[in-house]
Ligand SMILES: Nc1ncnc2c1ncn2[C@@H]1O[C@H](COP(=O)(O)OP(=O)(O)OP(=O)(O)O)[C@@H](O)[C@H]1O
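The chain below stands alone and is given as structure tokens, in the form predicted alone.
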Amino acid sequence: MYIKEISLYNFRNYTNQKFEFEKDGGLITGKNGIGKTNLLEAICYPAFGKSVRQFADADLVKFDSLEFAINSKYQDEHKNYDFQVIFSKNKKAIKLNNSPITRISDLYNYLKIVYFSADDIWLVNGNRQKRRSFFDQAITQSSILYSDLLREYYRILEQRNSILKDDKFKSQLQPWNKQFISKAIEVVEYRKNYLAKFIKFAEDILNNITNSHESLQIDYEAFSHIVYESDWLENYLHKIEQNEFEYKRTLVGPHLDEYEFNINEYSVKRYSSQGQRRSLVIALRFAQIAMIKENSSCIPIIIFDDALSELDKNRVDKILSLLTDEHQILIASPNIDNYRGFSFPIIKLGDE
């Protein structure tokens, strides 16, 4: 899979501009603030149906404009994919080859992109929601069924929370408890099965890029140490029912669980250096790539949004050498010195 061209209309700092790309990718360069990240954000949009940087659609509209549009063309070995995104009057419409996309999750069937960002450090440094979001997105890229399951879980969670806001609806809680328990167990099984394979890739890649032989552990930790077993959960929900009505929300479940990273049995968040953390998050992204390739026939597009800028050239060389030439690789950086050993086409933004 690779992107051939993209046209942007009132998207971020772009009024009306078109970019073309070669199959092997390119090095996007220019001064800070010129729009490198904005271009990559637009390229990623059709893969996720939203900003990969977690901005609201309204925030993507160019200043003094009312709407934006993205038209992009992608291709794999067998087919062309023309995506059109229009956001206007606080509504968005996405089309693929002129056919409307009615469910955002369907986009995962067609386009797979792995986006490396300097902000990935928050996978280690940030809160548990960052880690859950990373793994939920990664699992969905490998299995569209997980997206459907997760959406159903959150629908049930929302309904359950609405009941917990007023104890006069107590009698309605039990039927939703059964649905909640069933979907919660399914979600956790998906997550654990994915993690069992993922961690093997992540550990091998981490040791490769760091020239070490460290043991990486990624533990899935249930919030409040609950047990994802039907009878156990049913009894526990009954036990904490009054507390949930007091807090007016569901107090346990996959939406609160955590992924804990450890190297040689020591917490990465507590004891590792900044360099070790950056190496780990890069290994996590590479493991995401490996899992996509193992579970689908799609070769993902790889994007580095200034994610390698703090690493020396030797480390950059080692990281990029892990990628085969079957990938289209797009790199945004204000400094091209670290990439002079690679034959990436140069895409210059601005007057440089």
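As the structure is a prediction and not an experimental result, all values here were calculated from the model. One rule holds for the numbers: they count along the sequence shown, beginning at 1.
Only in words, not in the display: the form predicted together with the ligand, which the text now covers.
- The stretch that touches the ligand in the predicted bound form, counting heavy atoms within 4.5 Å, is 29-37, out of 292-300, 312-320, 29-37, 44-52.
- The ligand is not drawn, but in the predicted bound form it has no heavy atom within 4.5 Å of residue 327.
- Using a 4.5 Å cutoff between non-hydrogen atoms, residue 60 counts as a contact of the ligand in the predicted bound form.
- Interface residue remark: residue 17 is not counted as part of the site for the ligand in the predicted bound form, having no heavy atom within 4.5 Å.
- The partner is not shown here, but in the predicted bound form the stretch 294-319 reaches within 4.5 angstroms of the ligand through a heavy atom at 306 alone.
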